[in-house]
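So this first bit is one chain, no partners, the form predicted on its own, shown in structure tokens.
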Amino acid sequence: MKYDYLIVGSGLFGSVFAYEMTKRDKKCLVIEKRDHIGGNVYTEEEHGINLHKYGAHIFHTDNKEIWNYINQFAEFNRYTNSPVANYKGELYNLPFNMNTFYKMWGVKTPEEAKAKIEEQKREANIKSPSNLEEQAISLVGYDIYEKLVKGYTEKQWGRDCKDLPAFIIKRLPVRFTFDNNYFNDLYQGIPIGGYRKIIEKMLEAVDVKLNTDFFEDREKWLNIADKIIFTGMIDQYYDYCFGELEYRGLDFEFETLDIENYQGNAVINYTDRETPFTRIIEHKHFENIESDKTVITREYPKTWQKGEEAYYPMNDDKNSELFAKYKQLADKEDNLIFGGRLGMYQYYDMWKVIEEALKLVKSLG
């Protein structure tokens, strides 16, 4: 059978595109190398708890159009992302706000907190930050950087903060209110029943093949449709002809516990360098689920190796220049379009992935 579109990857970008094009009477085939649909937003139920199998996914956006769009597929709860930082047993609220500053320094007013930060910034005397460490200290001072930024960031990126570019932390969220809401966006929540139900609804009228790797039968898939939407790694598609783009990998360690409540919060970040994982997620708190068991996940960042799942593009100068070479090749393609985080080599939030997919649909008529 000849299709109008072959979509490689069943994540959010591919699923939105397939749903919209199917509505427009286009024949779509989605192929997915994993044994499930949904890409990294996939959720799986265990003990009545919807597990975020590839890390916490909290939907947030200021775009009302995108918020209304995603809400047609599921009802969202009122979950507010309020992570806690654990630094060697000390607990701090995130993002940096008056609760954080009170715990850090004992200050009780915004004026006192601002004065403390300014004092540390003056002592650092950094005029033109040349790396991430200097950028962070010049924004929030030494104490916050040392306890809440340095270790977590070095684990996340696998590099010393002095070796990371300043632009990675263009600004740090600093609030002089007692507000633990991490996001400033107007709309925020978790789909009741998990993201899996959203993707299932998007793809219910679409042909889908699981456990199917595009590269294992490339010639077949190149000739099965008029156009291809490719959401995998752009450098892999071109057989790494200019070299490998860099990504960060992740390992997830799941544990089921015979207790109702392990840590009292959905997300706790471990910000010291010595703890090997970056955070522990307790999934039941995303949907306030009552259960006599709980499931937690420890997240371990790691150096990505070819053949493994790529999670975060390394958007530094070197990789951006390399991606530009692949983008030049992609722009010359007539019947091939790259999309999603890996295809576009961008760390997109979920709302942005949806927006980009809808833009593509509109551009294709």
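Small disclaimer: the values here were computed from a predicted structure and weren't measured. In case it trips you up, residue 1 is the first one in the sequence shown, and so on.
Just so you know, the form predicted in complex with a small molecule exists too; it's not on screen, but the next bit is about it.
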Requested in this report: Choose one stretch from 213-221, 143-151, 98-106, 168-176: the one whose residues place a heavy atom within 4.5 angstroms of the small molecule in the model of the complex.
Outcome: 213-221
Query raised in the report: Does any heavy atom of T297 come within 4.5 Å of a heavy atom of the small molecule in the model of the complex?
Result: no
Report task. With heavy atoms only and a cut-off of 4.5 Å, decide whether A324 touches the small molecule in the model of the complex. Result -> no
Requested in this report: Answer yes if any heavy atom of V41 is within 4.5 Å of a heavy atom of the small molecule in the model of the complex; otherwise answer no.
Outcome: yes
**Report entry** Non-hydrogen atom contact W304 with the small molecule in the model of the complex at 4.5 angstroms
**Finding:** no
Query raised in the report: the small molecule in the model of the complex: within 4.5 Å of a heavy atom of each of N50, F76 and I198?
Result: no
Requested in this report: Note which of I58, M314, I70, A330 lies within 4.5 Å of the small molecule in the model of the complex, where distance is taken over heavy atoms; exactly one does.
Outcome: I58
